[in-house]
Ligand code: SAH
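Single chain ahead, written as structure tokens, the form predicted alone.
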Amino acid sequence: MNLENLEKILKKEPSYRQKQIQQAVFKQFISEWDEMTNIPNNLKEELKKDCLLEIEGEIFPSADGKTFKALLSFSDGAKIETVLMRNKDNRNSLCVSSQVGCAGGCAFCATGKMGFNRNLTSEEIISQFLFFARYLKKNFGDQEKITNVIFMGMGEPFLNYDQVMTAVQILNKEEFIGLGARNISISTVGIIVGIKKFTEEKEQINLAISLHAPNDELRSKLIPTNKENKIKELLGVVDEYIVKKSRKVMFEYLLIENVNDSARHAKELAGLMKKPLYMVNLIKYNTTGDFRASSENRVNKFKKILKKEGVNVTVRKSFGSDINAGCGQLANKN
């Protein structure tokens, strides 16, 4: 939906119209203007013409019915993927994309192999939320809501900083979606300039760092942007963020067989991560390309070493690998 067009249209209307329309679009999740019975027909026709609600997308459910990947198409033909994960405790987490493709070129990531097409606009980011909010309402009832949003889909959020933060504000502001700031997370491969800007934001949005290696030599092979964002400097700006925000920071670590999952790697990682507000989230890699997932045994050994060294550590449950919706698998093969 074009928010700029919507604002222009509503300038000619009584002030209460804006609240009515925001309520319908961002709270009731209407998919057609005809669903609104409290606005005049001439306004409906203008909205149908200049402010389309339609979101073109195709859904791919996982076999267990817990994960849903959607392929969304935009007016210029660009396509992106977004993933909804449903949990038993009434949590519905949405993983959103911030770019079409990605310039990061991470060796283990299918999106990185696509290359970079363009940044998404804030409206295109929000359309991912609206698409699945409508889907939940239609298929699971009015009580089913998206409870968490994670910027961890296609693209690097801090390389599209302004549009991502505009989308965050729409997600967070009560007059729009009203999702709590602590229910929104941004995951970055460690763009230092972006983290510094993010530290100055007033909203208490969660920060996650995709680390995936305990030293610069290995990390630069896996994540090319590490060459300009070395681990020492990266952890320095993270510590500045923690001092300013007093917030926990999640460090994501994909476990890749015979690449970064040895006991030596675990001990080296522990040396970096033994800080009170650092949390390591071990992720079972979803196989793509030349890399393979670490065995359950190696995952458990890695976790035990970190715990023994006093590191706060969890293992993330894997979602959607059968539909290529897991970490590193989003690639818009269509």
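Residues carry their position along the shown sequence, with the first being 1. Quick caveat: nothing in here was measured; it's all calculated off a predicted structure.
There is also a form predicted together with the named molecule; it is not shown, and the following applies to it.
Engineer: Is the gap between residue 67 and the named molecule in the model of the complex 4.5 Å or less for some heavy atom pair?
Structural biologist: Although the named molecule is absent here, residue 67 would stay clear of it in the model of the complex, with no heavy atoms inside 4.5 Å.
Engineer: Looking in the model of the complex, any heavy atom of residue 283 within 4.5 Å of the named molecule?
Structural biologist: Residue 283: yes, in contact with the named molecule in the model of the complex.
Engineer: Is the gap between residue 156 and the named molecule in the model of the complex 4.5 Å or less for some heavy atom pair?
Structural biologist: Close contact exists here: in the model of the complex, residue 156 approaches the named molecule to within 4.5 Å, heavy atoms only.
Engineer: Just checking whether residue 172 would be counted as a contact of the named molecule in the model of the complex - the rule being heavy atoms within 4.5 angstroms.
Structural biologist: No, residue 172 stays farther than 4.5 Å from the named molecule in the model of the complex.
Engineer: Can you pick the stretch from 183-191, 134-142, 84-92, 226-234 whose heavy atoms fall within 4.5 Å of the named molecule in the model of the complex?
Structural biologist: Every other range fails; the passing one is 183-191.
Engineer: Name the residue from 249, 259, 72, 152 that puts a heavy atom within 4.5 Å of the named molecule in the model of the complex.
Structural biologist: After the contact test, the surviving option is 152.
Engineer: Tell me, which of 108, 161, 129, 241 has a heavy atom within 4.5 angstroms of the named molecule in the model of the complex?
Structural biologist: In short, 108.
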